[in-house]
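Take a look at this single chain, the form predicted on its own, given in structure tokens.
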């Protein structure tokens, strides 16, 4: 099937890109492996529509075939989870992950939840959990008060963010605080306090989903896709928008999506906002030492920190300990170990996600007939 544009990702950035291109008269296909539009940010909203855009929802990329003149990557980001004693216990979940579960129907009313880690997402999660009826006795942010104050004083450049921050304000917020151990029925924080809770919602920021961009050969810059003022990558005809180019929230994602879809220069100073966020919530050195020798670092393959702490890189960890060889394909342990050990990313090879037998057989049958253009 021939298209003018294929958009990969149905979150705010991808939807904005698809709308802008549609309004320019282009034939657009939007793909997302989620069953509905909205991505992680707007998950569960039933009012989202994209008239005039062909949708491929609820499928992996390998289940679709199409050719296009342009390709816009809006693959978003995932949570960074750092290993610490007890982090694999059933009541310890990702902060954004718990929010997604609540949106999908998890009963949270009356439950006590400690939210901890780093980044503005913690406040948004805490607010949404309280709205759903949960009790949030503590929001623990690892960044120090000094950095948060400097960041707050600079928000005059982005007035909408001032109102957003005020709306998320909570008396339980503490800076310079992080989890050191989870135990059945609670968590211990770095100040020695022990808090009983039903859930520990923990996330240490976000990691861009850059695997597809790397597979296509796009130039990367510190884990992010490098783009110009029109959101063009180093690969001809391929654009990247949203969290893939810098963690900056919904407004940045939509601005970049609109620009890429309409082939225009991006407006607004959102790149500077993303840089300010990254500087403010940079992880402190103490977090590198959270894991003990017995702490599991690769949950899929049950690999403990003591087994790989002195290894020279991901390749050695894979070959000798199967670290990163499980179902998630190092999407959880990979970024954590890159930060903890200073390891660089490995080369990306297809398939990006595990294939079903049906998909594998179909791809094998179609081998020898390579498509042209940007194809998925």
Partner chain sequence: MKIRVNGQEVEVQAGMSVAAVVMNLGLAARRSVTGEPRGPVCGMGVCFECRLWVDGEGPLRSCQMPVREGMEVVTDAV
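What you are looking at is a predicted structure, and each value in this text was computed from that prediction instead of being measured. Residue numbers count along the first chain shown, from 1.
Not on display, but discussed next: the form predicted together with the partner chain.
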Per contact check vs the partner chain in the predicted complex (non-hydrogen atom within 4.5 angstroms), the hit among 336-344, 22-30, 320-328, 47-55 is 320-328
Taking 4.5 angstroms as the cut-off for heavy atoms, does residue 216 touch the partner chain in the predicted complex?
no
Is there any non-hydrogen atom of residue 104 lying within 4.5 Å of the partner chain in the predicted complex?
yes
Any chance residue 280 has a heavy atom within 4.5 Å of the partner chain in the predicted complex?
no
In the predicted complex, does residue 81 come within 4.5 Å of the partner chain, counting heavy atoms only?
yes
Let me test this: is every residue among 92, 97 and 100 within 4.5 Å of the partner chain in the predicted complex, going by heavy atom positions?
yes
Identify which of 251, 181, 302, 135 has a heavy atom within 4.5 Å of the partner chain in the predicted complex; exactly one of them does.
302
